[in-house]
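First, one chain by itself: the form predicted on its own, in structure tokens.
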Amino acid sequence: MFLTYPITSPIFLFLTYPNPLQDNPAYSVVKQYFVHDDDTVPQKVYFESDEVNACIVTCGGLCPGLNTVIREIVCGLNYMYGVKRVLGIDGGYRGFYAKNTIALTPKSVNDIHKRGGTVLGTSRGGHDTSKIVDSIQDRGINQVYIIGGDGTQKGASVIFEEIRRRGLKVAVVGIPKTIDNDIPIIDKSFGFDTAVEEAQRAINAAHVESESIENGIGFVKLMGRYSGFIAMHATLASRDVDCCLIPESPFYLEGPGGLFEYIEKRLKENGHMVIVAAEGAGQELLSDSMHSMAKEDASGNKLLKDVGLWISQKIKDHFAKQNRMTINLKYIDPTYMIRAIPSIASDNVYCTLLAQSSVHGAMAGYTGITVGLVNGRHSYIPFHRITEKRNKVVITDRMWARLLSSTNQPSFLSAKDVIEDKKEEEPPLQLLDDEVCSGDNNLVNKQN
């Protein structure tokens, strides 16, 4: 499905101009590239190139690929549309009104994709809508590119609404950034592949440590405040993990079928094991979890306790009390190492596609949108669709089943959980003599 969000406000689209890409050697050779107004590159653009005064801001935590997106927005505006004025907002949202801007040119951003972090700096919080829009208005900015996660996109939506209320001719475009891959609608967020790749190093180190000592346990904590995608994919890719714990899948420590029993079983079988846990897993098990989850950081995220350290200590205490087995546990937290590295090749390509898609959309006059791949197609998605829910691992889906099969760990689901989930499942398709006798598939077979 190709989602778009055209500007319907009367302040936009009074006049359009021929798209300069039609004279660009890279695009003009393929005339069929320019098709409909709702495609990535329309025939008409809303902004004259020499009238564009664009700005870029990065908000929230670090993520591999931020500099690549910045670079490609600057180069895309300049090389494809001839836009010369691009500003970088220093220090996140508060940089609009509290810090100086940075002039961005293709020359100044040429090598930044080779570095981790963001050359513009970032921060959490600092969102004062009136001050931000005042700064945009005072500086004569008419294109705003906002790179950040779900909290940042919510802020971008508020900025867009205030700009529309004031009747300003400003395009606001978001580029979704979350290392946890928890933004809905889109296929995935940039930086995720890099995070999974780098997590392999930590898992491999944990595996080496665990198998080098008697009853060794390597415990790795990975990112994933609400969604366990990094932990799940890193576990599937590694093949050295014996147990993966994520926020979406409740588990318990003691008793039959609990984590302690499984650890003892694996140690007796193999003499060592590796556990991977997402940072949001098992928060409900912490004795003061309700108190800790009531607090929030500057971005509005719940402050979580370090579940990795907590579970690690619980494991040590359990086996010390049992006095039946001596264990040696090594705890590894590579979070900030993973966040700070440059993006790998696949993420670099994806960042380029997202950046160029955002540039095409802004030049065409689209606003209040986030760019992203939806079922493999470049799409413009309204902010409210991005911020209305969170993408999470479905533990009754095939991918989680594949993980359970790979690690051979218990699902930790109670009988009640399974029964309740089965009530929501659709009846399976019925097959008779290789002919599908259910729903639209039956019609397809008849047509064939």
Ligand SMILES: Nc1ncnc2c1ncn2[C@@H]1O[C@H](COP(=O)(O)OP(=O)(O)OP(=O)(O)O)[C@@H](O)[C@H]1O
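This is a predicted model, so every value here is computed, not measured. Just count from 1 along the sequence shown to find any residue number.
Separately, the form predicted in complex with the named molecule exists; it is not shown, and the next lines address it.
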query	finding
Contact residue in the predicted complex, chosen from H127, R85, R266, H113 - any heavy atom within 4.5 Å of the named molecule	H127
Proximity to the named molecule in the predicted complex, single hit among G148, G191, G282, G218 (heavy atom within 4.5 Å)	G148
Non-hydrogen atom contact V158 with the named molecule in the predicted complex at 4.5 angstroms	yes
In the predicted complex, T152 touching the named molecule (heavy atom, 4.5 Å)	yes
Interface membership of T352, the named molecule in the predicted complex, 4.5 Å heavy atom rule	no
4.5 angstroms heavy atom contact with the named molecule in the predicted complex for G60	yes
Heavy atom contact within 4.5 Å of the named molecule in the predicted complex, the stretch among 244-252, 358-366, 175-183, 75-83	175-183
Contacts with the named molecule in the predicted complex - residues in 201-228 whose heavy atoms fall within 4.5 Å	R225
